[in-house]
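In structure tokens, the next block holds one chain alone, the form predicted on its own.
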């Protein structure tokens, strides 16, 4: 069997199983599990890999065909230029969240500012901010130790040192540092509980629901973050459009300014509070 034949065979199996982007997915699975450069797939040479590698490839293929997210199978996801290690204790980083960080970076050119990432998950937001602002301090929090451990692991792999990890809920672990923080960024749980069952099965069944479910109105955590925001601190949030009325109500209660920005899919996805 040649590499080219294998790629076409796996692509067809993925396509028949309804997997998104079967051509791309087939190539990434083969190159990852056989540990070969992508150009080899275009060669008509016979496969020379050991049977163990092929067994791992077929095991991964079966998982993906059964609906398991390919990013968890691979164990990583690129976030901007950073290769982020992930598992099912962490959300899979998405383009919408890249858009949140891109907004923060575009609007804040002052490298002396310090940041916090509340609910850091895999650490993707905090790691990109720390990498972009090497002269700043970035504080990353999460309520779950296993999740925070994954973020710490990523910081060590990427050798990013200006980031400080804190275990705890929302702003509580930031108590001793909050006066030093200029900007807080968060991708909190913001989906309404009633909509969780409408999510794609690969999201609903495998990604951590606690990182998605924002309560009845999707704003349980968002309201906590806005109502307890220090007066001189700016807040960037990833949100859903139906969160907006509650956010405005909280901002009015605290006399904070607010605005909303769209994501790459032209949906209102980001809230900027207390500029």
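All of these numbers come straight from a predicted model, not from anything done at the bench. Positions refer to the first chain, counted from 1.
Below, we refer to the form predicted in complex with a small molecule, which is not included among the displayed structures.
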Practice prompt. Choose one stretch from 172 to 180, 67 to 75, 114 to 122, 191 to 199: the one whose residues place a heavy atom within 4.5 angstroms of the small molecule in the predicted bound form.
Written response: 114 to 122
Worksheet item: Do heavy atoms from each of 97, 187 and 211 fall within 4.5 Å of the small molecule in the predicted bound form?
Response: yes
Item to complete: Although the small molecule is absent from this view, report whether residue 82 comes within 4.5 Å of it in the predicted bound form, heavy atoms only.
Response: no
Discussion item. Residue-level contact is defined here as any heavy atom of the residue lying within 4.5 Å of the small molecule in the predicted bound form; does residue 91 satisfy this criterion?
Written reply: yes
